[in-house]
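The chain below stands alone and is given in structure tokens; this is the form predicted alone.
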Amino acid sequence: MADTKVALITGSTSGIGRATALRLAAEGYDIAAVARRTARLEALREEISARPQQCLPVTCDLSEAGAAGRMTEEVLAHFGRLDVVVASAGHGRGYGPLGEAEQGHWPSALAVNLSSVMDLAGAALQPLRESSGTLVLIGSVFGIDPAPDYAAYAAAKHGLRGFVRSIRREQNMEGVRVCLLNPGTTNTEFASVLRGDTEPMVHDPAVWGFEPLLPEDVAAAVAWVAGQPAHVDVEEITIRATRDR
């Protein structure tokens, strides 16, 4: 239906992105699902399309120059509108202390975790203004706290926090709500990538020594932000597991 709201979600085939796609679909949004893994995108499309909602799978590597803009144009050509944009794609390689980390991963880590998010925000600005929409950028507690061994990732997330605070003050963001959502330890494949596992997987929660957040916990926060009345702007949320300190 032409009046159905549309949510674009990057990193949508695993973890927080996938949980957010399913949560917003359950709340009545059509979904533009963006990720690198085509087979997983097709599986997500089938799961969402079993509901009344549509799902447009978009295979895209956001580290490529101009990818965010091209992807946004494709989504707009299909749906004709954007109401919610969630930047959830993440890159975690390059883990380790300075001098030991694989610094060759750092450029792509900065590209995915920061530059592509900036590009996406710029590309989505006008359609979000037209819908009085919401932009949710997934940050991290590593964008607030010191993060030994995660220097590149923390640099990107600190930069993202500065970016969000700045664009929120710009006059051309009028009418667009912008929220930075900072999750703490979340049991997703991302932690497996950081640990260098050959095949990314979700760890047994016992690995953490406490009960970590689930992707669905973060997705619920995204849905809450997107569901606020138009006059309510939630600027920043930090969400941690109770014993994650």
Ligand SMILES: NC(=O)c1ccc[n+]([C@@H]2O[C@H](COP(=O)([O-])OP(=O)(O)OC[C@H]3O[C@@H](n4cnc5c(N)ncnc54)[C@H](OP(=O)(O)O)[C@@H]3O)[C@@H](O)[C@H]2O)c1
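Remember, predicted model here, so these are calculated numbers, not experimental data. Start at 1 with the first residue shown and count on from there.
One more form of this protein, predicted in complex with the ligand, exists but is not displayed; see below.
- Contact with the ligand in the model of the complex, defined as a heavy atom within 4.5 Å, holds for exactly one of Leu76, Ala121, Ala154, Val112, namely Val112.
- At a distance of at most 4.5 angstroms from the ligand in the model of the complex, none of the three residues Thr4, Val84 and Thr134 contributes a non-hydrogen atom.
- Of the candidate stretches 122-130, 76-84, 162-170, 137-145, only 137-145 has residues whose heavy atoms lie within 4.5 Å of the ligand in the model of the complex.
- Remark: Thr72 does not count among the residues lining the ligand in the model of the complex, judged by a heavy atom distance of 4.5 Å or less.
- Looking at Asp30, you'd find every heavy atom of it more than 4.5 angstroms from the ligand in the model of the complex.
- By the criterion of a heavy atom within 4.5 Å, Gly184 is counted among the residues contacting the ligand in the model of the complex.
- The closest non-hydrogen atom of Asp61 lies within 4.5 Å of the ligand in the model of the complex.
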